[in-house]
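Look below for two forms of one protein chain, each set out as structure tokens: first structure 1, then structure 2.
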Structure 1
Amino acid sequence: MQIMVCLKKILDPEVPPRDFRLKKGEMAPATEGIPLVMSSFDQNALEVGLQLREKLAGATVTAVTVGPEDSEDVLRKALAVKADRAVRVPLEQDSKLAGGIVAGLLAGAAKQLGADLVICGRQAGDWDGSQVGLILTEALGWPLVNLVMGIEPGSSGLVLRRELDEGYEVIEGNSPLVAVVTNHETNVLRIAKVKDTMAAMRKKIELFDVVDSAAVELQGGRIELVSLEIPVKEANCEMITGENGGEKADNLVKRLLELKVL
């Protein structure tokens, strides 16, 4: 089975609001001094792919990213945790909320690879678009399993565990399919060994040229960004004081009663 995992390099989503700025005169975030990382749900997706490969003889995991050359870092990271292949589909501009362009390119890559299973994260931690895996499903014409926590080989096809609003379900189906992954305690990305990280630096990254599917995608509806702003939030936190935990607790209850919320 050819497993393709889609990865995106993003501005670290854990940067606190006080360090988050916008580029002057542009509808884009300032990147100076902020680390760039693999989007967190993509890490979960990669882990799901790697675990499935371990249980399926002959399966391979190919990490694919769409972006400029410097986005290859996330592919190196995937190679360091032992992805078999790494592919970059060049795209110079930041697609921002226009997930359809990226989905079109990824669909092209999936076809070129002959992938049977495409795994994506549920949303990128930068623009939070939450659409690429779903549009990709349509572009490929495959069935979708959304909010997947883990995938195992079944007696005939694949067994997927997916999150529901209250609880979870286990479903079985056949590839090809698209799995869109959410976070779960079982899919936190493993840590690469130092020697594998070193080895990953020397591995080959393949370049795929899939211009056509992007052109097709661009004919669809457009999403036009008209403004990007940092919301102003006023802090009005009243600090509850006290000599010790007991006093603080008493004062807290007193205030909650005064505010009539208890």
Structure 2
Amino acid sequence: MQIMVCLKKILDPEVPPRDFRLKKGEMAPATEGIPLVMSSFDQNALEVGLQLREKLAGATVTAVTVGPEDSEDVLRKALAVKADRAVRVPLEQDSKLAGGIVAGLLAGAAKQLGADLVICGRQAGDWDGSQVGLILTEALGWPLVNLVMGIEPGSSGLVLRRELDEGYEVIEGNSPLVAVVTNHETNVLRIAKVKDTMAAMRKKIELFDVVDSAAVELQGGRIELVSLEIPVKEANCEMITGENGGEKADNLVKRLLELKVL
């Protein structure tokens, strides 16, 4: 079975808000001095794919991303945790692409790869769009199972555990299939060994040119970003004085009344 896992490189969500900046004159975040990492839900998707491969004889895991050359870092990480192959769909304007366009390119990569199962993260950790996996399944014309916690081989296909508000449900499905994975304590991405991380730096990353075959218009898309700005929050600090606690409390109440807070 050919298992394809879709990955995205994003700004580290753990970066303090005060360090978030926008590129001058552009509607895009500045990346200078800020770590770039694999989207957290994509990490869950990768772990689900690796766990399935370990239980399914002959299965392979291929990590795929859409973007410029510097997006290959996430593919190197996938190789470090023992993904079998890494594929990049070269595209320079990845940060400005709508989810539908990315889904079309990934669908083209899945066809070229001959994938039987495509696994995506529930949403990207930067825009939180939750679109790519759902549009991808339509582009491929495959069935979809959403909010998947884990996948195992079954007697006649695949067994998928799907998250519900209270518990989970078990679904049986046959390939080809798209699974959109959510986070769970059982699919936290494993830690790569140092030697495997070093070996991943020397492994080949394949390039798939699927722009023409994917039949997508790179400048199009149904969603247009018209404005992006960092909200400015003003804060004022005023010291309340008094000879003792009672006087300070009285002065505080008076000031709050003046400000019409009370």
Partner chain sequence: MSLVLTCLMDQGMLSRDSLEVIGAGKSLASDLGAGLAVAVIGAETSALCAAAGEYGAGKIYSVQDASLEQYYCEGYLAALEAVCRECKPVAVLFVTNMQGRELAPRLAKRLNKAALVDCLSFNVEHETGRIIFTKPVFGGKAMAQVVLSDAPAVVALRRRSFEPAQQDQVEPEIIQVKPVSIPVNPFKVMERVEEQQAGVRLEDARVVVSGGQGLGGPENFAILEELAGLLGGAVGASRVAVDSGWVSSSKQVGQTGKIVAPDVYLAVGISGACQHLAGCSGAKVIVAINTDPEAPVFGAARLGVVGDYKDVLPPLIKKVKEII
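All residue numbers here refer to structure 1's sequence, counted from 1. Rigid core here is just the name for the largest C-alpha set that superposes within 1.5 Å across the two forms. This is a predicted model, so every value here is computed, not measured.
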{"item": "Of structures 1 and 2, the one that is the form predicted alone", "value": "2"}
{"item": "Shift of Asp12 between structures 1 and 2 at or above 2 Å (CA, core fit)", "value": "no"}
{"item": "Threshold 2 Å Cα movement between structures 1 and 2 for Ile230, core superposed", "value": "yes"}
{"item": "Is_shifted Glu26 between structures 1 and 2 (CA, 2 Å cut-off, rigid core)", "value": "yes"}
{"item": "C-alpha positional change at Leu252 between structures 1 and 2 - rigid core reference, Å", "value": "19.0"}
